[in-house]
Structure formats: structure tokens, C-alpha cells
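Encoded as C-alpha cells, the following chain is the form predicted alone, with no partner shown.
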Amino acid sequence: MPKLDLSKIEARGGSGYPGKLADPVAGRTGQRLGDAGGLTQFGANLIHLEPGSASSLRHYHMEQDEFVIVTAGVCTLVDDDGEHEMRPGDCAAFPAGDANGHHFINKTNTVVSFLVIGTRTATETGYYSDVDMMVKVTNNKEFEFTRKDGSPLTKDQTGEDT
């Protein structure tokens, strides 16, 4: 089994979220470990959160399972049941179709890292718990963000013309 050299795997930042909705994740970067290792059936990403940053907007997946294990630092899992402190070795699992919106935030002064493992499906639909937004991922991996009813997002929601 080939050993991956983390120092040679690019840490990418940024988000596909439209406009101001991307602001909470500005301090998030991720290393695509599964891609680097040639995996095709599931994704494995090492996520790093700068102080004050979030992993995503609170969301849930309709088609993809998601599993997280904290590897460094202390972060806070926020889900429908509240806030849960997560330390190295702590795990969380989010089954596909479970409408428990979740994300991780870094409330500390040091970088937090965690491994996310998830199902790869040809398409996906995700919903955002705290904003009126849905995402559909197409076969060619394009993201389409709309309101939960499928209508276009508004400038008021994103801060940009849509």
C-alpha cells in the first residue's frame, strides 16, 4: 500500500458557495487524500480550519454518508442537538438522508484538523439548515445552488447578482 506524503498534497481553500455565503468558510482548506491515492469509491479529505472558521454551512446529504474523526486540535460540532466539543480521536457519523444539519467550527486560537470520509455518488442533493438553500450536484460534478424549493437564490441571500 503506497504511503501518501501529506507535504506533497495541495491544501485547497475556497468554497463553491455563492457570494457572502462563502464568508464563514474562508479559513478552511482541504487536502484530497483519496484522490491523491487513486480512490474512486469514497472520498477521504483532511480538512484544516483556521481559528474562527467553519467547515461548511450547516448541511445534510440525501445520498452520501459522511464520517469525521478529529486528528488535531479542538473543534465544535454544531448539529440539530446543539454544540459538541470534539477532540483528537472523537468521531461523528452522518448517514445519508438523516436531516440533522451539521458543521464544524473552530472556536480556538490554533488550527484544527479532521479527516472526512464520504460516499461518492454520481449525483447528490444537499440541504442547508440555517439558510434557504439547496445544492444539486450533477453527473459532471457541477454544483447548482437554489432555494430549497428550487427557485433562484436572491441577491439578498448571496450579496451578489444571481
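In case it trips you up, residue 1 is the first one in the sequence shown, and so on. Predicted model only: the values in this text are computed from it and were never measured.
The same protein has a further form, the form predicted in complex with another copy of the chain, not shown here; the description that follows concerns it.
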Quiz item: Okay, which stretch from 50 to 58, 114 to 122, 128 to 136, 22 to 30 lines another copy of the chain in the predicted bound form, with non-hydrogen atoms inside 4.5 Å?
Solution: 114 to 122
Quiz prompt | Contact test in the predicted bound form: residue 8 vs another copy of the chain, heavy atoms, 4.5 Å | solution = no
Quiz prompt | is_contact(residue 109, another copy of the chain) in the predicted bound form, heavy atom dist at most 4.5 Å | solution = no
Self-check item: Contact test in the predicted bound form: residue 99 vs another copy of the chain, heavy atoms, 4.5 Å
Solution: no
Practice problem: State yes or no: in the predicted bound form, is some non-hydrogen atom of residue 74 no more than 4.5 angstroms from a non-hydrogen atom of another copy of the chain? | Solution: no
Quiz item: Of 37 to 51, which residues get within 4.5 Å of another copy of the chain in the predicted bound form if you count heavy atoms?
Solution: 37, 38, 39, 40, 41, 42, 44
